[in-house]
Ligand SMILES: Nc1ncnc2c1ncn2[C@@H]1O[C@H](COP(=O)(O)OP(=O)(O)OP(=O)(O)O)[C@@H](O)[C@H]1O
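First, one chain by itself: the form predicted alone, in structure tokens.
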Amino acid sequence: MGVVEFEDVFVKYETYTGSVLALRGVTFSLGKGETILVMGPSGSGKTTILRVILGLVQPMHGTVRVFGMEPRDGKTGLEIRRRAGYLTQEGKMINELTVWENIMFYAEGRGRRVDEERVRELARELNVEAVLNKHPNHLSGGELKRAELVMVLSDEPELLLLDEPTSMLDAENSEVVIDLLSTFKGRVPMIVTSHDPRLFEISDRVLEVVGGVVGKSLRETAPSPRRDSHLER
């Protein structure tokens, strides 16, 4: 049994102009320790896949199981969201709290205790230790993205769902994020959505989504080891 399993999943959104099928017959599974990169144009359904996994969007047809449970509203959905770490494109930090307070609040809401030294270690690795006592609205877009990644990784989630983790980052900080994610590879199952081809390097499989349809895997074999990012620069 996979950590995440989709079988013939359809999702429909109602808009002012009518119904839109966001996912059309999506079938795939994520194994333990596996990393899947989901690529596709904006509006193709990549983010919808993550939201279905978390129980934030309900399919109109098909079966979804996460940790062996159906991600529906109520207790089951809450349990899945407690065990999964979700990095959104929009951001979810509260401006009235400092970054540090946001991280503590996030963990408390999930019933977790955060190792403060672990938070500082992640912040150092992502070059955001200096912003821990700042408020989110005083950060650049790149700083905020990396600070939120610290928050998501800090309580050791059992599943990582990362929506465009290198967006708004320059080349150097993108490499920093990719290097850090590579340390979770094989230990924590991950689904990463992105347009960034550099994330091919840490993925086991690459799925392409177009118009809500998951096409043939762009790669189904394990990638070759990453080259030294310092040499690439």
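Note that the coordinates shown come from a computational prediction; the quantities given were computed from them, not determined experimentally. Residues carry their position along the shown sequence, with the first being 1.
One more form of this protein exists, namely the form predicted together with this ligand; it is left out here, but the text below deals with it.
Undergrad: With the partner left out of view, is residue 203 within 4.5 angstroms of this ligand in the model of the complex by any non-hydrogen atom?
TA: Residue 203: no contact with this ligand in the model of the complex.
Undergrad: Any chance residue 42 has a heavy atom within 4.5 Å of this ligand in the model of the complex?
TA: Yes.
Undergrad: Check whether residue 47 has any heavy atom within 4.5 Å of a heavy atom of this ligand in the model of the complex, and answer yes or no.
TA: Judged by the heavy-atom cut-off of 4.5 Å, residue 47 is in contact with this ligand in the model of the complex.
Undergrad: Taking any heavy atom pair closer than or equal to 4.5 Å as contact, tell me whether residue 89 reaches this ligand in the model of the complex.
TA: Close contact exists here: in the model of the complex, residue 89 approaches this ligand to within 4.5 Å, heavy atoms only.
Undergrad: This ligand isn't shown here, but in the model of the complex, which of 47 to 55, 169 to 177, 62 to 70, 29 to 37 has heavy atoms within 4.5 Å of it?
TA: Selected range: 47 to 55.
Undergrad: Scan 152 to 167 and note down the residues that get a heavy atom within 4.5 Å of this ligand in the model of the complex; none is a fine answer too.
TA: Only 164 sits within 4.5 Å of the partner.
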